[in-house]
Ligand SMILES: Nc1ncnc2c1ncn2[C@@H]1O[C@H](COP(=O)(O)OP(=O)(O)OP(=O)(O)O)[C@@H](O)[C@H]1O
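Only one chain is given next, in structure tokens, and it is the form predicted on its own.
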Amino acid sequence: MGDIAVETSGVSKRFRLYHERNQSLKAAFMRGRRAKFEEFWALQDIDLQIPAGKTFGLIGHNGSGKSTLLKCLAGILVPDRGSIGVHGRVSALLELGAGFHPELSGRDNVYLNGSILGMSRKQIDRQFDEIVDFAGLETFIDTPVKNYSSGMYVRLGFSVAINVDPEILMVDEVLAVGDESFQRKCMEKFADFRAQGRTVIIVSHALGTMRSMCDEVAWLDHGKLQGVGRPSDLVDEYVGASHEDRTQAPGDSTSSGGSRWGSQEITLDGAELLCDGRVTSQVSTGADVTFRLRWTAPEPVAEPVFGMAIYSLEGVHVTGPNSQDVGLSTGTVHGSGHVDVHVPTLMLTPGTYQVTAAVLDSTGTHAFDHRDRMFRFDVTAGHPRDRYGVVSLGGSWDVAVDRAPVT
């Protein structure tokens, strides 16, 4: 058992979804019947073995059962069927500010939260300075936590959780609210945990992080286990399977609801991604693609500048080309038409990306039309098959011996 930190056998968990609920005994008596509900199985027959000393990720869409499973593993929820074996001391950070009292200061909540997690007062006394230093809240530690930002909440909660000295740490998505500096400290802490032979179980929608951070991942879909394996393989499979067909008929707007502004002398009416001459919303790394922006100009407009920007779902600005920077003179446009950006080899790694588009005047300072998050598209594994970051360098590798070993 020393090689397994957590194991589940046939774990299932159900909830009741009420269509109507009796609010009192009087209401139940007057209506003469029990409240109507249906059973919803959030987890169904989950069999898992999580190795000790590894970082293990849970991926899946919203409502797939990831957080429910983590709460079962942490002992917060009891499964309706099956069994769970946890071999080690557990610390869990599952919800923002869980265990905090809003009227108490950060100092008081450190002691309150630490005691909930099983620490004695002497233990907290010894580690108090380290907890506060890691959270970076020395200035605010005596301020009521109701005045904390969400980032301050999670920093303090996480700092307490990791200083319980757990053998198994469970984290549910909440680290996404931390700033860049705090996230880097967390990654370093996770690396220290792994070096010390501890186990980390994490739920996250940040697939790039899951690729680089986890040793293994499990994919859940509608409460069922779809697979367990290497992050590089399973994340690619998940991205492909969770692809939504976002393509609309030609002439329809492809806007996903982002903000829009501009003086409207020329408008962007739609955007498309084409591969092999067909409109699509899913391509592979290395594909030959064309981004098409459709425009309308009721009156002549001289030398408009067309531009687009590609962002990852995490908000990383990947690239932002425009027609002026590549030396394209658009002349005077009038009527309707389209602008194509041809990319012979798309070097984006697997994931989901968002496109923002704009058309500006020739100075680049006045927006005729700016459309944020105009459409989304998915990239699946192709060639080259890079796993990390958002772009592939696409280079070639070669190994050479500069000096033969001395015999």
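Start at 1 with the first residue shown and count on from there. Quick caveat, the model's predicted, so the values are computed rather than measured.
Although not depicted, the form predicted together with the ligand is the subject of the following passage.
Even though the ligand is not shown here, does Asp108 get within 4.5 Å of it in the predicted complex, heavy atoms only?
Asp108: no, not in contact with the ligand in the predicted complex.
Report whether the minimum heavy atom distance between Arg16 and the ligand in the predicted complex is within 4.5 Å.
Because a heavy atom of Arg16 falls inside 4.5 Å of the ligand in the predicted complex, the answer is yes.
With a 4.5 Å heavy atom cut-off, would you call Ala42 a contact of the ligand in the predicted complex?
Output for Ala42 is yes: heavy atoms within 4.5 Å of the ligand.
Asp215: heavy atom within 4.5 Å of the ligand in the predicted complex?
No, no contact at 4.5 Å.
For this chain shown on its own, do Asp276, Ser284 and His342 all sit within 4.5 Å of the ligand in the predicted complex, going by heavy atoms?
The answer is no: none of the three residues contacts the partner (heavy atom, 4.5 Å cut-off).
Using a 4.5 Å heavy atom cut-off, indicate which stretch of 365 to 373, 60 to 68, 44 to 52, 346 to 354 touches the ligand in the predicted complex.
So the stretch in question is 60 to 68.
Contacting member of His87, Arg81, His205, Lys185, with respect to the ligand in the predicted complex [4.5 Å, heavy atom]
None of the other options qualify; the answer is His205.
If the cut-off is 4.5 angstroms on heavy atoms, which of these, Glu265, Glu303, Glu173, Asp269, is the one near the ligand in the predicted complex?
By the 4.5 Å criterion, the partner-contacting residue is Glu173.
Within 4.5 Å of the ligand in the predicted complex, counting any non-hydrogen atom, which residues from 262 to 285 show up?
Nothing in the stretch sits within 4.5 Å of the partner.
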